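First comes one chain, alone, set out as structure tokens in the form predicted on its own.
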């Protein structure tokens, strides 16, 4: 990466959430020959909007366009500066790294969370990585720099927005059962919810359209399908 192509001292990191049916998962990169794990991130080109840079990075890792994306925090503590880790990553990939190389400078990172349909993604590692894989929140590997803090902040933001924004829209198929919607809420909140209370609360919000039942052999037990109303 040539320095003149990118803005100095500014980076981004993305917490990419996917829902597997029962668990909330995030995409994690493993850097080649280092044992270091990190969130997908990158740099912003001089002639590129910040949001465009993040979407470019997301498409490279997921293959998807039109991902729900939201900026949620900027991380700039001095303690996040770890030039040695970046030097290790670059050298492990065969790069000669001079002492004043721009990627060894201190970077402030603008953090985003993304919500995507888990079933539609085939994760792709970047040029410096061996893998890009889904990890459940309770089985994350130790992440480099302050990336564990970034994940925690993203999850808290997701929980805070659960009632104010329809975050579930992007984690479910277009038609879903009430049980599937409840599982998304439980995965995000990290707790079990009472079925009748949840259903009553969701229906009172008037955010769903009800469709025909999902038949599977036992008509009297077939659940209704729902979709989110158009905004």
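These numbers come from a predicted model, not from an experiment. Positions refer to the first chain, counted from 1.
The same protein also exists as the form predicted in complex with a further copy of the same chain; that form is not shown, yet it is the one meant from here on.
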ask   = If we take heavy atoms and a 4.5 Å cut-off, which stretch out of 135 to 143, 95 to 103, 72 to 80, 118 to 126 is in contact with a further copy of the same chain in the predicted complex?
value = 72 to 80
inquiry  = Is residue 179 near a further copy of the same chain? Define near as a heavy atom within 4.5 Å, in the predicted complex.
reply    = no
message = Although the partner isn't part of this model, could you tell me whether residue 110 comes within 4.5 Å of a further copy of the same chain in the predicted complex, counting any heavy atom of the residue?
response = yes
inquiry  = At 4.5 Å between heavy atoms, is residue 210 in contact with a further copy of the same chain in the predicted complex?
reply    = no
task = May I ask you to check whether residue 45 falls inside a 4.5 Å heavy atom distance of a further copy of the same chain in the predicted complex?
result = yes
request  = State yes only if every one of 67, 130 and 169 has a non-hydrogen atom within 4.5 Å of a further copy of the same chain in the predicted complex; otherwise state no.
outcome  = no
request  = Check each of 51, 174, 197, 33 and return the one that places a heavy atom within 4.5 angstroms of a further copy of the same chain in the predicted complex.
outcome  = 51
